[in-house]
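First, one chain by itself in structure tokens, the form predicted on its own.
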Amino acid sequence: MMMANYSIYLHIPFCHHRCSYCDFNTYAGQEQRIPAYVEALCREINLAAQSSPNPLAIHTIFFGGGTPSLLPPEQLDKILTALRQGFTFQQDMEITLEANPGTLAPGYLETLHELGFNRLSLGMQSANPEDLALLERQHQYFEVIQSVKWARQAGFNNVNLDLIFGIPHQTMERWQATLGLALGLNPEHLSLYALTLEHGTPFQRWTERGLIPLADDDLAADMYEWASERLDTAGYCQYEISNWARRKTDGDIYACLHNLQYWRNQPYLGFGAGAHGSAAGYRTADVLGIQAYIAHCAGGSGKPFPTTPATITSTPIDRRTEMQETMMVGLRLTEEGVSARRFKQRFGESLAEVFGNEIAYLVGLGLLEWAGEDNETLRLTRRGRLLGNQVFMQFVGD
């Protein structure tokens, strides 16, 4: 018997340079470990596939990092081959590669497309040289133009651009110029993120020492609202708090199917150093360090699904927690929200029975609203999108 569609996240922790704002599990100057890391990754994939009690159907794969585009095509091919051997690939698979604009070349992109990659996510971040320098990005805007052009020539018809707003010293005019230049590249998808000060990053240290100003939350909110209106005018549909997609000719949108798996609280497996997964009633996390990950995978044998030799934490997800998480991630979806009907089908209890008080409180504050056919969709109001964390906190703990 086939199980529900799964997604797979693969963490590629290598970078030429670690950016000043980044707190992801990434390492610079370790590229010599790539072959051994890929061997370990393939072993982890094989062991997970063997331990699964049923054959798993996969419908999205996401190579994140780090900088996955530092991997040579033959290494990416090796990983995809391991996945094909262990899992059932669904038709119309979405296979995404995150890439930094300065790391791409025409031949590389052509080979990626031939291997089956059909979605490219580019870390543009800004079009302004001062912003890029402060973020310590290793590219300039012209390399984004080149990368998009080469991607189109290679056959990619699903390209995402990541942008950051609320950067210190970034004015509204500078942000407007960046978004305008991004739109000029006609991407199918845009992800817009407010810069956050993460613990242990150079950005945090610079701020504490007074070298750069603290973020202006009011200006960042104005940037977000302006971008929402500008993207609406440009024909993009906002489907998640930070994500916009163009419409396809069939009326659907170029949503990131992989991320929809997370937001709908559906199962996914995470492979690679520091990767997280959520499957079979457990949340898992792999060991962080590259060398430690390689050692765990080399020395370990099969473990109960969904864990692997690289797993360092495995936390049971009880029913109450699953309900809470379904609300927190589902409400990020600005149009789809959380369906009362689907919630009842999934959990056997209604939204009103489980979260009636919280919902009434948030509707009263004007942060949530009932919408859609038969008014059975609970979603954020426009104001609620700006105050999403306040909404999500109502569904945490007891």
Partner chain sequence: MSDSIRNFCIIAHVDHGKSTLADRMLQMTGTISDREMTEQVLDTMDLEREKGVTIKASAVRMSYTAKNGRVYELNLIDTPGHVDFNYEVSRALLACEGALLVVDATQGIEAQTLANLYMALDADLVIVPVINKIDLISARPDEVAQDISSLLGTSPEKIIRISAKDGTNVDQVLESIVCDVPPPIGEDDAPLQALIFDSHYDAYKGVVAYLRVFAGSIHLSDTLRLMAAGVDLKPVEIGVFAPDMHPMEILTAGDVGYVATGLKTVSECRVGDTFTHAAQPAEAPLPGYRKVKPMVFAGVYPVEGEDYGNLKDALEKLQLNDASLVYSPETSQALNFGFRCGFLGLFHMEIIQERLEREYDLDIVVTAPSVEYEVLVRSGETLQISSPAKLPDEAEILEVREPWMKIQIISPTEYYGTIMDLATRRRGIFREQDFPAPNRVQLSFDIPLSEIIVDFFDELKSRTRGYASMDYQFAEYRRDDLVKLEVLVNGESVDALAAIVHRQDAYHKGQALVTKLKSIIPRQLFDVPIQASAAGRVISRATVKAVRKDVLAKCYGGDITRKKKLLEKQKRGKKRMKMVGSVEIPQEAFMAILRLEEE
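Just so it is clear, the model here is predicted, and its values are computed rather than measured. Residue numbers count along the first chain shown, from 1.
The form predicted together with the partner chain is left out here; the points below concern that form.
Put simply, of His276, Arg247, Lys149, Arg230 only one has a heavy atom within 4.5 Å of the partner chain in the predicted bound form, and it is His276. This chain appears without its partner; in the predicted bound form, the one residue of Leu132, Val287, Met328, Cys256 with a heavy atom within 4.5 Å of the partner chain is Met328. The chain is drawn here without the partner chain; in the predicted bound form, the stretch among 345 to 353, 30 to 38, 53 to 61, 361 to 369 whose residues come within 4.5 Å of it by any heavy atom is 361 to 369. Contact check for Arg43: no non-hydrogen atom falls within 4.5 Å of the partner chain in the predicted bound form. The shortest heavy atom separation between Tyr262 and the partner chain in the predicted bound form is within 4.5 Å. In the predicted bound form, the partner chain sits within 4.5 Å of a heavy atom belonging to Thr321. In the predicted bound form, the partner chain stays beyond 4.5 Å of every heavy atom belonging to Phe89. Each of Asp222, Arg283 and Gln394 places at least one heavy atom within 4.5 Å of the partner chain in the predicted bound form.
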